[in-house]
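One chain is shown next in C-alpha cells, namely the form predicted on its own.
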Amino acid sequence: MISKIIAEDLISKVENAIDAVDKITIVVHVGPDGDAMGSSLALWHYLMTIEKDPIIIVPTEYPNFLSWMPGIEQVLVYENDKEKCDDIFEKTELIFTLDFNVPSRMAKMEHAVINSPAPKILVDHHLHPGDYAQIAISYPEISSTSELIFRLICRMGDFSKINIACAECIYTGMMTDTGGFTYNSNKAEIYSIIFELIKLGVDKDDIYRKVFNNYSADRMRLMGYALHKKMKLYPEYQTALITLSLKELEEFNFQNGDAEGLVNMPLSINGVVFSVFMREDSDKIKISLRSQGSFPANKVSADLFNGGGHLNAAGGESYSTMAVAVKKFEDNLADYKDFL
C-alpha cells in the first residue's frame, strides 16, 4: 500500500486545472538531469493518454545518455529555438514546472515562463519552494520528482493510464536521482512503486545499462584523468575534491553529460564521506556535492556556493575563478568537522 502523501485539496486543484485546458507546457531546470527528463516525459506521456496537447521545453540540452528515452525527440530546447518557445509560452494554457524550487533555476528561460499568462503548477522535491506557482506540490522528503509524478497520477485515479513509456520515464528519474538507489532511497514505498513499474513492463536492468553503461571513450578517459590527476583528498575532513577547467574538458572533447556521476566516485574510497566536484563553465564554476550518512552536503552548498539540495546531494555555483572557489572551500572545511 502506497501512502497518500500529496494533500487531497492539491489533487483536486491539479485535476481541475488539467480538465479546464488543452494546451499544456512542461518545463524543467537548466542542465536537465535524469529526474528532470524522467518526470517531464512521464507527465507528457500521461497527458497524451488523456488527449491533451502537451509540450516539453528545457532551458538547455539534456545529456546524451538520456537520448534513448521514449518521447525525448519531441522536447524543445529553449537556447536552440527561443522564438518558437517564447511563442508557445505566450499561448499555452497551463504550465507545469518540474524538479526545481525557484524560477532562477530556469536561467535564461525564467522571464518567458514567469511572464506567461498561464497558471503554473509546481511539482518538486527540493527545499524552500518559491511562491510563483498557483498550485505547489512540494515534498522534500520524497526521493525524486519522478516519484511525485507517479503518486500524482495514481492519486488522480489514473494508474491505468500509465503506459510502458511513462513507466520507463518514471523509473529512470527515480533511479538517477538516487544514484542507482544508493542514497536518499531507504524508504520502503520507493520499492513498492518500483514493483508496480516492473509489473507494467519496465526492464530495470536494461534502463540501468542505457544510462550508466553508455560511456564514450572520451568520457572514460576524462573520468580516469579526473581521478588520477585532479582528485585531492583531505583525510582530516574525510573529504575529496575534483576540479576540471574548461581547457581540460576541451582536451577530452567534453559533451553534455560526460561528467555525470563523477562526483560520486570518491565516496567509494574508504573513509571519504564528502565529495565535491567543481567544473568550469563559460561564465561560472558549477559545483556538485555528495555525501554519505548525516553529513549535510546541502548546508555546505548553501553556506558557501549559493546553492542547496538534499542532505546527501546538492549543487551550487561560483562566479569567481576556480582558484578562488577552491580556496573558499578549503578555508571553510574545518567549520563542518563536527558533522563527521
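Throughout, we count residues from 1 along the sequence that is shown. Treat the numbers as computed from the prediction; the structure is a model and nothing was measured.
Note that the form predicted in complex with a small molecule isn't included here; everything after this is about it.
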{"query": "Partner contact for Arg151 in the predicted bound form: the small molecule, 4.5 angstroms, heavy atom", "finding": "no"}
{"query": "Contact label in the predicted bound form: Lys52 to the small molecule, heavy atom within 4.5 Å", "finding": "no"}
{"query": "His45: touches the small molecule in the predicted bound form, heavy atom cutoff 4.5 angstroms", "finding": "no"}
{"query": "4.5 Å heavy atom contact, His126 to the small molecule in the predicted bound form", "finding": "yes"}
{"query": "The small molecule in the predicted bound form: contacting segment from 52-60, 267-275, 37-45, 286-294, heavy atom within 4.5 Å", "finding": "286-294"}
